[in-house]
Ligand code: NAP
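Below sits a lone chain in structure tokens, taken as the form predicted on its own.
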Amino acid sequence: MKPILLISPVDGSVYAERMPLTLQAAAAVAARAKAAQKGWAARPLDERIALVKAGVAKLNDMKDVVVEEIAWQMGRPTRFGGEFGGVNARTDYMSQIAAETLAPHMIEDNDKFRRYIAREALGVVFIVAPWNYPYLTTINTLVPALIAGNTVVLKHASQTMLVGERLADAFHAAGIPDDVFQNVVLDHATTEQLIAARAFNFVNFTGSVAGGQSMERAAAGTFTPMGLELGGKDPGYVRADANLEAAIDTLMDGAMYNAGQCCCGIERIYVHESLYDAFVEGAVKWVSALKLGNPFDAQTTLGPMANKRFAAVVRAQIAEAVAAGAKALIDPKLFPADDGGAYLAPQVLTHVTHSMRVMMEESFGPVVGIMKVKDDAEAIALMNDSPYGLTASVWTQDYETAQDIGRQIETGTVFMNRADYLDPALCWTGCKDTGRGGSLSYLGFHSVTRPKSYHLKKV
């Protein structure tokens, strides 16, 4: 068995190296998690909530180390300070709604009958987390799973292996038993064998469509429930009545932040013909002001992509689009740090069509295509012309218009006048090839519990 290497995008060095568990050792982890689950679920809900919140507090105490490690592992500039705002907000909200959400739903309670529906923990929850927002995406399932009484086994992406270790350190230091939350390093084959062997009662996977398909194949016939957040190609639509300045600032930030490596990042923009020229001019100006460079430089606003092979995909999409007639508006000379590897200059493309990969396949990098549309109907048709459906951003001054357009878009979340945002009170979900299931909100607790009905009669 070969070690798993974490290659830093900052300088191409080996930043960390870990040996994956053997199948036997990994199965023992799952067995310990199963053995610990009943005792954990038997603890009072308030106690579980307090321990989870204490674990997140311990993680906050590691902030300086965490921010530096994120930069080394996946390239995000240290000036952005990690993911603690979202981690804390999501933890607080899920803790706040836990008692009400997990309480039995009473149908009848009198001297003859007591009938109600309870929520019961599924058992062992397996989280397979991605590298792009390594703490936030884990917290989305980790917090509700533990609060609801499940035990958790976490396998983090190889690009961010240290994240799982930090989370385990923090939660164990807070008093959560070792077997209740375990971090593991696994290769793909062992992961699939564990799922096929019914080692887990729920699998949450965030990653590529191909990865999700592998998970489903591994689980075939086991009836193991899954939550899958897969690819995305999220659109923005700027109507004629949009606030142009706000639309440019928010949509371009949504396209470029984190080097474009956001699950709900903006990857394609449709602009009403009356605002098109002004929007494109503003977008080019906005992107041109970015500074590509070393993530430890306080002036850097755009770090390297997490891996040079990810950047190669984006470069290929841009080159193919330009060869097919697209116009690249950003002069690469503005970004001398572009090294042909992980450091990639951002790009804005016009004269794009849906025959181009850059408008149809997930880019997950600092590139966005902009198209002119004549009306809502054309924009809606283009937004729906995608195999993905995570979020869509509509720019208008009217709630009712946004809601009407939203009803016609095949997506998981409709934004009006914002983008690339996650509200913990709303369900994070997708459709089509973006996957199935939902996290956060009260429905996030439903994902990691099952209904159990009680029909009690006195005789």
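All residue numbers are counted from 1 along the displayed sequence. These numbers come from a predicted model, not from an experiment.
If you look for the form predicted in complex with the ligand, you will not find it shown, but the lines that follow are about it.
- Note on contacts: among 151, 138, 386, 191, the single residue with a heavy atom within 4.5 Å of the ligand in the model of the complex is 191.
- Only one of the listed residues (131, 237, 171, 202) places a non-hydrogen atom within 4.5 angstroms of the ligand in the model of the complex, and that residue is 131.
- The shortest heavy atom separation between residue 268 and the ligand in the model of the complex exceeds 4.5 Å.
- The ligand is not drawn, but in the model of the complex it has no heavy atom within 4.5 Å of residue 419.
- Under a 4.5 angstroms non-hydrogen atom cutoff, the ligand in the model of the complex has residue 158 among its neighbouring residues.
- The ligand in the model of the complex comes within 4.5 Å of a heavy atom belonging to residue 214.
- Look at 314 to 322, 274 to 282, 361 to 369, 240 to 248: in the model of the complex, residues with non-hydrogen atoms within 4.5 angstroms of the ligand sit in 361 to 369.
- Contacts to the ligand in the model of the complex (heavy atom within 4.5 Å) from stretch 218 to 242: 229, 230, 231, 232.
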